[in-house]
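Single chain ahead, written as structure tokens, the form predicted on its own.
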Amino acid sequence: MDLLVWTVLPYVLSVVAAFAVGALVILALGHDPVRALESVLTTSFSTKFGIVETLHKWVPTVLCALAFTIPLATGKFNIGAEGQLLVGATAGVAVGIVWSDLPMVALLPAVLVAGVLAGVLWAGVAAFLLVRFGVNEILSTVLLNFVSFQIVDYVASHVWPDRGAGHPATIRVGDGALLPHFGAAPSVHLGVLITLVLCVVVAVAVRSTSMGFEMRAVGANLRASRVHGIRTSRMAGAGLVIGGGIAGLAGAIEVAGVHGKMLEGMSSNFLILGIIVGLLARGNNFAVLFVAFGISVLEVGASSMQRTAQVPAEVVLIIEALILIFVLLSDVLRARLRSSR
């Protein structure tokens, strides 16, 4: 019981404190904080459209968080989930356009697999540089993000451009490349179920398999892992590659489930959200499911807040950052309380 209280209480207090500070920020900007925060917290649950939009926001948020937490288990930081998502989307849309005449049974799996493989390849560059030359993975993954932005721009503007879109975007993929939707409109796409299953599989695999144990051992104690014969650099590289594949899948699902094409801006802060979720979940892959849902509620509410209360949507990002800061501060406070006993 005490463990549960000490686990949940810091989150509750951090959320309350973050919203209190956020209300002061909104008040300082000259807006009504009660109306703004009410809009943030209720939009996702007030209509079916809000629920569906929240679930569709939840999918890439969870997958990008996993792309961060899996390498984190080995002590490495994947800051390239955004780039891996974009190359996954690029590969998915390429398959969906080139083989648009194929039936769904062949084309849809090909789109999703192409996204995963592209993410694996993109993260594999950083993994190779890390394992072979010891290049810092934070630096390489960040730089690869910038390369991916150029790839998206080139593909959307020169390879398969949609001239009538009004902004850089590709033409639509074939109908067979689109994920099935469930329920009456607005409906939920199959990517939600895929993400849920994948998250559970990852959580169990990291906890129960020998590879998962070795990855966690490397992150917990690098020297001890080497003494016991674990190939630490390979485990670190494997974590990056697996994370990259999952981020690539997020890109393919965005193409197949939401947009039906690739467009600039589809990454939509998922890198930052993935890192925030991963840190708030303290690297726990199962907890990512729930933390990501809370963050998705805030993100969907942000646009509604901007419409109804004229408060900039970026205020929600401030609140999310404050929640993370307060949670981290609670760790420091708890450590000091224990040491003083």
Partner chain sequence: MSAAIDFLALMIPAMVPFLLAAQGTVISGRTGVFNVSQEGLMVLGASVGFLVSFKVESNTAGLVAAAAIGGVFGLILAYMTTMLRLDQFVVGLALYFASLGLGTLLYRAVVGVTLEPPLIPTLGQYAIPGLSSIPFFGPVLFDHDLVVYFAFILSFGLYWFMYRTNAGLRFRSVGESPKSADSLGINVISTRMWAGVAGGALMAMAGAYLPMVYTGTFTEGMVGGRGWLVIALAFLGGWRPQYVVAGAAFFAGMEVLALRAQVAGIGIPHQFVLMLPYVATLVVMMFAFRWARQPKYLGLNYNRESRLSG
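All of these numbers come straight from a predicted model, not from anything done at the bench. Numbering follows the first chain given and starts at 1.
There is another form of this protein, the form predicted in complex with its partner chain, and it is not shown here; the text below is about that form.
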**OP:** Spell it out for me: taking its partner chain in the predicted complex, does every residue among V21, S296 and V300 have a heavy atom no farther than 4.5 Å from it?
**Re:** no
Subject >> Candidate stretches 154-162, 245-253, 186-194, 225-233, one within 4.5 Å of its partner chain in the predicted complex by heavy atom >> reply: 154-162
Subject >> Single option in I51, A287, L41, I272 placed near its partner chain in the predicted complex, where near means a heavy atom within 4.5 Å >> reply: I272
Original post:
Can you pick the one in A91, A73, L178, I79 that has a heavy atom within 4.5 Å of its partner chain in the predicted complex?
Top reply: I79
Original post:
So in the predicted complex, does any heavy atom of R334 sit within 4.5 Å of its partner chain?
Top reply: no
**OP:** Considering only heavy atoms, tell me if F182 and its partner chain come within 4.5 Å of each other in the predicted complex.
**Re:** no
**OP:** Indicate whether its partner chain has at least one heavy atom within 4.5 Å of a heavy atom of L328 in the predicted complex.
**Re:** yes
Subject >> Partner proximity in the predicted complex: L279 to its partner chain, non-hydrogen atom cutoff 4.5 Å >> reply: yes
Original post:
Which residues from 125-140 come close to its partner chain in the predicted complex, meaning a heavy atom within 4.5 Å?
Top reply: L129, R132, F133, G134, V135, N136, I138, L139, S140
